[in-house]
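There is one chain below, alone, in structure tokens, taken in the form predicted alone.
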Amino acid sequence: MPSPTVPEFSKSVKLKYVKLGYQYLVNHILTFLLVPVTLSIALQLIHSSPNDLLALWNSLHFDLVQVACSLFLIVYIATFYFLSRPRTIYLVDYACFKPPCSLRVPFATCLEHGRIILSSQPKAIQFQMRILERSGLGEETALPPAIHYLPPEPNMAAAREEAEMVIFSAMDSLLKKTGLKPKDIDILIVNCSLFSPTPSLSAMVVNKYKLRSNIKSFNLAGMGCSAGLISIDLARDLLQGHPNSNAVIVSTEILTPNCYMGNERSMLLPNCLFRMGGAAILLSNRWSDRKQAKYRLVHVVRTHKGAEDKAYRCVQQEEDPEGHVGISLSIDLMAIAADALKSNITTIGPLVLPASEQLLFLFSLLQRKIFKKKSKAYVPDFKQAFEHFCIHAGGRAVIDELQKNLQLSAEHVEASRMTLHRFGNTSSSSLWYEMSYIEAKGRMKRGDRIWQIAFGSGFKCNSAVWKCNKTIKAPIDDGPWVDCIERYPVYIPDVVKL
């Protein structure tokens, strides 16, 4: 008769509940320590007679000078604290540009244009086809009008028309949603990496909406897909120094002048992934806006790896041997992005992770560095710190890598994958399409914490942490997902046969 097998510990014991118990114990350790102390003091007071309490009170000698000094010290400390603490920054609302259906580019259109424009380069056409098959993009992404022409006409006038279409549409929607008057805008920040005309895009907005002459306007260029969070950081710093003010941020990427017409593989990739998009965001430090605001800014963490040559050159605008200008992506891009993310989460981890996760990470570090044990570095469970993740929809590989490294579930990266499928890589504005997706699904609840992660040329990895101020109920009457949210999420195969 065979001997009974001993069940494995990992299968016989529900380790999930052991971990939950550990997390609850460590995260509430102060409560567990204070409760017995409080109970013992309360029991001592209960068993004390009125005479004992009176004798204790009489033993405490107070005079007027001591009381006055104590009150002054308390008032001074409280005043210093309230005046020196940072102002709370609220995200009142935001709006995303929704491209018209006439500008959509299904796969068939992409391939037809590729065959006509690159008729003498069949290998380049085959390369683009393989990229599209594995890109994670859907059939409804959009490109600007100039790129629909055969051949494309990427001139300055067409680029300005695209900028006006995207930026003014997002601005109009934001002003309508918030009831904000253009004359009431105090700070304006526009970020667009690859199109930087004169006058600037921020000046174009000032002219269109007749903003005040004393407005503080900024135009950020060349900072890649993470420029949106750089704009958030800049707006936060400005709002700290200007009380009772608001800031409007416009994040976009103008594609018309950046359509690559050559056949270098490293420069053809952006043609397959980047699509039209833009967002306008209203931030405020006014106490009166706290009830209307959707979110509160908690942290912004920026990591810049530009001091390393490989990181600096991994995303670069340059000419190919035939003189065509495009964006060249290095083969080391994913490894560099992973290193930048590691540096970023090392900084943001202590700010957001509960004590239980920080202790586990510390023990893992001590084992490897001091006791020289060959064990894998402990990856903190960021699901304990955040309810929602908005990962820059830079491509399927980016989302896959972050999901793997951060041990996220399919639902945690759903907003990123669906944004990539429906709108493509919209550069710095993709994070706001993802936030809008979560809202449209009715998943955003009061108190939820959101982690936005973006990567950009240079090389940069930036993070922003938000906390939801109020439950956002679905369905939402406007927004980029209003007419298609019921269809999502959709199944995205690893390879779409074209």
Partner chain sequence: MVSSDEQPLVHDIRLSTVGPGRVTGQDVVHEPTNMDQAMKLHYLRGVYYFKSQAVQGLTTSKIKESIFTWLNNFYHTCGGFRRAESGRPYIKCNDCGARFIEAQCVKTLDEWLQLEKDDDGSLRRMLVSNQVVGPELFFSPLVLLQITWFKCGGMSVGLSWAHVLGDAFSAADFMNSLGQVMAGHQLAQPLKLAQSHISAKISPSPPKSKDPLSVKRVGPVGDHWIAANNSKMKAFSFNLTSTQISHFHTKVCGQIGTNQIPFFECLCAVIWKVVAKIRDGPEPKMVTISKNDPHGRKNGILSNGQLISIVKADFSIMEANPKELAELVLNQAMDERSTIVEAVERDQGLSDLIVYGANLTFVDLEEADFYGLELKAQKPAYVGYTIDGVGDGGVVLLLPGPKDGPHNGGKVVTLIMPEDQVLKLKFELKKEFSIA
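In this text, all values refer to a predicted model and were calculated from it rather than measured experimentally. Residue numbers count along the first chain shown, from 1.
Keep in mind that the form predicted together with its partner chain is missing from the display, and what follows is about it.
Trainee: In the predicted bound form, does Gly349 come within 4.5 Å of its partner chain, counting heavy atoms only?
Mentor: Contact check for Gly349: no, nothing within 4.5 Å of its partner chain in the predicted bound form.
Trainee: So in the predicted bound form, is its partner chain close enough to Ile492 to count as touching (4.5 Å, heavy atoms)?
Mentor: No, Ile492 is distant from the partner.
Trainee: Considering non-hydrogen atoms and a 4.5 Å limit, does its partner chain approach Cys101 in the predicted bound form?
Mentor: Contact with its partner chain, yes.
Trainee: How about Lys208: is it within 4.5 Å of its partner chain in the predicted bound form, going by heavy atoms?
Mentor: Taking the distances in the predicted bound form, the answer for Lys208 is no, it never comes within 4.5 Å of its partner chain.
Trainee: Quick check for you: of 392-400, 235-243, 407-415, 149-157, which stretch puts a non-hydrogen atom within 4.5 Å of its partner chain in the predicted bound form?
Mentor: It is the stretch 149-157.
Trainee: Could you tell me which one of Val379, Ala221, Met334, Leu111 places a heavy atom within 4.5 Å of its partner chain in the predicted bound form?
Mentor: Selected residue: Leu111.
Trainee: Which listed residue (Asp184, Glu308, Glu140, Asp320) meets the criterion of a heavy atom within 4.5 Å of its partner chain in the predicted bound form?
Mentor: Going through each option in turn, the one that passes is Glu140.
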